[in-house]
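In the block that follows, a single chain appears as structure tokens, in the form predicted on its own.
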Amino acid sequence: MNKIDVCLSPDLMHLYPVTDKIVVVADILRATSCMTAGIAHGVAGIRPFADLEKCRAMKHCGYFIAGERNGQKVDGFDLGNSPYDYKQQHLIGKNIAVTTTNGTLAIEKSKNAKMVVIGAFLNKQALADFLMEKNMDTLILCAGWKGKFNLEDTLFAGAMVEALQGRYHPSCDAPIAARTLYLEAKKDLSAYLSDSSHVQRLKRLNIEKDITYCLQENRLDCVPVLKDGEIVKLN
């Protein structure tokens, strides 16, 4: 039976050999939800950057640029970090370069994996079906918040462990703990997360609609994958 594991922070990635694994990167609020929404709605490709200035420079290469730091849009960038930004009609068929506080760093730290895919509650079932088809050991990487644990990414990891229950065996206690949290929270994710640090942070920025959108399960039948440095729709 294949194994599933959960890394609760990118700062712990050195503990997880991944050259023979699929890594699912999750930054639920909001980077990987944005990426999933964008690819599902026709964006051609999304190139992630941990470094802000490298991302900014992609404007000169014909990319729309998306930038977020501490929950807010970076001055001078075309897009922020809202899934509604990525669903705009004029972005269909276009390419976006993106940098965020946590999600793009998590993707960069996953680059040695056999395959990197983008996870969100929005595409949970499509992703679970894909993982079962690939039939490989899998690591769910929670982007967290500046190296620290966060609740929403861990709940997503638990949702994936639950979706793969009986087909994948937990590698250690982290997937067991994540699944336990998800089973407690799943009846009302918004209520369960209402006091969490990042939800509070986003509410102070008056973007509750992003939170509501990102916590919807199984709304998009799309699996974004990292290929040659760019996130694209799985063929």
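In this text, residue numbers run from 1 along the sequence as written. Source: prediction; values computed, not measured.
The following text describes the form predicted together with another copy of the chain, which does not appear among the structures shown.
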*Looking at 206-214, 41-49, 60-68, 169-177, which one sits within 4.5 Å of another copy of the chain in the model of the complex if you count heavy atoms only?*
169-177
*Does any heavy atom of K114 come within 4.5 Å of a heavy atom of another copy of the chain in the model of the complex?*
no
*Although another copy of the chain is absent from this view, report whether V225 comes within 4.5 Å of it in the model of the complex, heavy atoms only.*
no
_Taking any heavy atom pair closer than or equal to 4.5 Å as contact, tell me whether K146 reaches another copy of the chain in the model of the complex._
yes
*Is A163 close to another copy of the chain in the model of the complex, meaning a heavy atom pair under 4.5 Å apart or at it?*
no
*What are the residues of 1-28, in order along the chain, with a heavy atom within 4.5 Å of another copy of the chain in the model of the complex?*
D5, L8, S9, D11, L12, H14, L15, Y16
